[in-house]
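Consider the single chain below, provided in structure tokens and representing the form predicted alone.
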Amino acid sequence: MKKTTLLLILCLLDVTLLAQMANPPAPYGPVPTPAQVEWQKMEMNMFCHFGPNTFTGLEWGEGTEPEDIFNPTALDCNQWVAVAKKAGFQGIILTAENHDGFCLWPNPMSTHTVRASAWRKGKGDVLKELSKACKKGGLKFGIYISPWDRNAPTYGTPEYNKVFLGTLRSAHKHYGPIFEQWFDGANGEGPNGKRQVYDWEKYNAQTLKLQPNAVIFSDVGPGCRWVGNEEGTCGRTCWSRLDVEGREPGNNAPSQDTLNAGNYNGVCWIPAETDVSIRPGWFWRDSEHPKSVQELLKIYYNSVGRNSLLLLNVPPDTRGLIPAEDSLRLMEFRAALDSIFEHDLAKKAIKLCVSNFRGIGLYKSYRECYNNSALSSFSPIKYDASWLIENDYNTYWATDDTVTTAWVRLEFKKPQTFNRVMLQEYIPLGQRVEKFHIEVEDENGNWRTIASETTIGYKRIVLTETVTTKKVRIVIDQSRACIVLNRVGLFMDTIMN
């Protein structure tokens, strides 16, 4: 064996052993459950508001509508799934029961269901059809069930909580697995003139007993939280942490500003979900039309790009189909996202440099930069800069425990033009970064700041001016614990400048 080859092998072994000596970062603060991590990775899901309101044109039904008014002429849940998949959604949540109390499945706890309608001679079951279509198409299936039932005669009495638990049991036992249970805090008066006192503790406990991997949505979670508005906008500062002690959905929920931004020192991990409709209303109306691609892109940047999950409502029409104009708009939206994010310019960097990486003191010589080349003499080190452009979610750049301010520098052989910068924290270890800025080097070798932001979380997409440069530097100005990032990306958006 040649001496140079032996020395190379010994060096590689030395690097491997040293990498193993660097301990991984400890979790910081509240952290997500495995189900919450997988939920966040979905990024975009489709909401389907469908029911008697589809046929009456109302947003909130009265609960007195005759069951026969629900009569879709060509319902095809496989079509919903096909549209959702092509648009890039990972799951579908259906309004199985809205405030009018009408159930899209033959709920044994109610007489106001599809069983009493003329649709398919009372034998139809939308939950069954959609859950089967989702399973067949590889999408996850979720349900919205409103605790406010304007049809239930027991609403406003202690007895109603038993009825509602039976409703949940009926849906959860027969149509799973359910990835998300969607609750809101709507609460009107019952036939006795009283508002219902909801037993949220029992609702949540039974849900998790029957669907242990379900993420429960409400104003206070416990799985994910309302973002505080229905405009499709998450806070520029958005913590996945929330304080919920003494709070509950509805009138006793945290303020909308708090829901939008989270709590800096929140003790629970309850990330934001941004729900918004592709049309002006939640239910289909012939007089309304879908938002433009530019509007949908803005919503995407203000939701997924700000550490939130996007739940985009796409309502089926009276046929029971996603309308052609909505489907077309979704395909245009998907094409726009693909054109922007398919090509990550960061992967073209010839060098990725960091001011610190975990275990750097173990090395005989300081290695600031990772040479991104097949001819590189360096091998990737467990926590160094190389992992910032890898697609493996579970690898990341991390700093030493005492280092909470650091920078990442990308260097290119040729100038690159971009206006979107994507950053991701490795959230299984918690959310840490509270302040950062982005710089580019100009032709004179001077660094110029092009953006300053606060939180990162699961994903942050920063919209910048269009710049052309050979060097980009991302500076973490303030982090609550050692820095843990698993992705840096640079992209060019020519659609929404």
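Because the structure is a prediction, the values reported are computed rather than measured. Start at 1 with the first residue shown and count on from there.
Form predicted together with beta-L-fucopyranose: not shown, discussed below.
- Stretch 46-54 is the contacting one of 26-34, 454-462, 435-443, 46-54, since its residues have non-hydrogen atoms within 4.5 Å of beta-L-fucopyranose in the predicted bound form.
- Residue contact with beta-L-fucopyranose in the predicted bound form: D344 places no heavy atom within 4.5 Å of it.
- Although the partner is absent here, A186 lies within 4.5 Å of beta-L-fucopyranose in the predicted bound form, judged by heavy atoms.
- Contact annotation: F357 falls outside 4.5 Å of beta-L-fucopyranose in the predicted bound form, judged by heavy atom distances.
- The closest non-hydrogen atom of N98 lies within 4.5 Å of beta-L-fucopyranose in the predicted bound form.
- Taken together, the three residues W60, W182 and D275 all lie with some non-hydrogen atom within 4.5 angstroms of beta-L-fucopyranose in the predicted bound form.
- Residue-level contacts in the predicted bound form: of E325, E159, E332, E230, one residue has a heavy atom within 4.5 Å of beta-L-fucopyranose, and it is E230.
- In terms of contact with beta-L-fucopyranose in the predicted bound form, the residue from Y198, Y144, Y301, W119 that brings a heavy atom within 4.5 Å is Y144.
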